[in-house]
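Below you will find one chain, with nothing else, as structure tokens; this is the form predicted on its own, and questions on how it binds or moves follow later.
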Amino acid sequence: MIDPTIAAATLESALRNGADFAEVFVELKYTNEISMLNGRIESAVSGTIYGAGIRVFSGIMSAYGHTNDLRIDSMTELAARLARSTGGSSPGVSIKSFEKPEIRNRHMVFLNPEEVELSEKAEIMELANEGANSVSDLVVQVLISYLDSVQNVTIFNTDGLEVNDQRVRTRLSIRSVAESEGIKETASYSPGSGMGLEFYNTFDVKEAARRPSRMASKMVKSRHAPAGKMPVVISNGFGGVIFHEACGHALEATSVAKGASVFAGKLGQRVASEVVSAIDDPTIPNGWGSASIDDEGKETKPNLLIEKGILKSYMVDRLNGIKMSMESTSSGRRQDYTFPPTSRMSNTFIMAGNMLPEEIISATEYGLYAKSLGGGSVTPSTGEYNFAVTEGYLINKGRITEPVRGATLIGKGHETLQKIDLVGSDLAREQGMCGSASGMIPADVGQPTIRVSELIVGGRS
């Protein structure tokens, strides 16, 4: 995508102008997005992103710029301006010879989206639309969204690194709206993977599309959830969004290095119940948030964050690692070349325990079963959160009983971690898009079924 001599000249220009480290991130990305509303394709958009980002360090000072003019004069001039802006005075004028490390590719792709006709992608959407509309007459609207992308990146830096990666992703999103007696409920399901179109051979598309329609149809006929403090059983899969938002972001060095995290300075300390272990793992084969290298060029590896309640690690990128005197954990990620990388989650989840989900329910005398969670808000510095329960049920005498709607879970992430007292064996992951300082990135959330011994539930008294 770029001649290495241009990359070398760019890096040398940064060093000559005061930087002590520099990096070039080159990206070529193809995307396809298709939208279908009630069985009719509304839009089909294809796009190409091509450009380079240049980042320079002088000590803990950094500067970033990007361009889609990859000619040598443009690249070297941008690098020089960035280096001078840091106020550094490094005398370095040369870089190490580029070496390509051997990187293991765990993410095999068999049906590259760029080689599949649009009509075949539309057929997948038609199957989903058929499935979503087969559940109930209460379903009044179905929106199907299809996405695929092929991202090629090359990274050079002044340590002599030259490394390439290709990330292929595809995702299908189904949103169903049910209506009854003037009340509307919306539910969605969005499976995705770091695979090509072979992904759609790994599950039943029609059955997956029935899931949000069932959920919306059931919730629209249910009564309002009660309010108050009570035990809450949170289902597996997307239930892990609470850990992701309320705890995961606070474990990123982006906030820890500033001291703007409830977990800052707590390595080796107990931060959760002893039944809780959590990991960030970008190496999961074909995971939605997986990659062979991070966006700083470091080969990815699993990162155990919490082990039996003890804080073991943060997610650390290169720059914040310098500030914290810690090694990178291959957690540097970015949306595209227009963003500098910083520490971000990949596939982040609470690990499986040894209880069956049925045992957790039967051990709960009374409470709320949050089968599916939706949107919410979080304050990373305090961990305070609230999340909507998009599918909820009451638990009474150890049994799931009637459905309830309108419930909200309210708490603080670090306190919730301490109150998780039961962890199931049914680990599952689901897919989302995570927004933070370096843009929107694909991220898996997940967990087994868990019980929080006490949580504030917002509803109607």
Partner chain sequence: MINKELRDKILSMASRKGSEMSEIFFRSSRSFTISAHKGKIEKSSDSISAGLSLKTVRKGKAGFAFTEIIDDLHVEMLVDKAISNMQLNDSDYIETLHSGTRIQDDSSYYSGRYEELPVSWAVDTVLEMEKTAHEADPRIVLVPESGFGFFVDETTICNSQGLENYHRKDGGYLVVITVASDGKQHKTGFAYDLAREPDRLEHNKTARRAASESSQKLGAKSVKSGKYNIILRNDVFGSLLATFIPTMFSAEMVQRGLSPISRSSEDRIASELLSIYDEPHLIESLSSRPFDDQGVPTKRKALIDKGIQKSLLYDLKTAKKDGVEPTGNALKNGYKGQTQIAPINISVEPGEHSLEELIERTGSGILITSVEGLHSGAKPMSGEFSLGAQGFLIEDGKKTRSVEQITIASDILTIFRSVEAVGSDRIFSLPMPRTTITPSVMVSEVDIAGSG
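Computed from a prediction, not measured in an experiment: that's the story for all the values here. Positions refer to the first chain, counted from 1.
We do not show the form predicted in complex with the partner chain, though everything after this point is about it.
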Assert contact residue (the partner chain, in the model of the complex, non-hydrogen atom within 4.5 Å, options 100, 71, 308, 224) equals 224
Ok, 104, 258, 301, 270: which has a heavy atom sitting within 4.5 Å of the partner chain in the model of the complex?
258
Residue stretch of 351 to 359, 153 to 161, 166 to 174, 78 to 86 approaching the partner chain in the model of the complex, non-hydrogen atom distance within 4.5 Å
78 to 86
Verify the contact flag for residue 202: yes if a non-hydrogen atom of it lies within 4.5 Å of a non-hydrogen atom of the partner chain in the model of the complex, no if not.
no
Could you tell me if residue 141 has a non-hydrogen atom within 4.5 Å of the partner chain in the model of the complex?
yes
Proximity of residue 425 to the partner chain in the model of the complex, heavy atoms at 4.5 Å:
no
So in the model of the complex, does residue 49 come within 4.5 Å of the partner chain, heavy atom to heavy atom?
yes
Even though the chain is shown alone, can you say which residues of 156 to 190 have a heavy atom within 4.5 Å of the partner chain in the model of the complex?
175, 177, 184, 185, 186
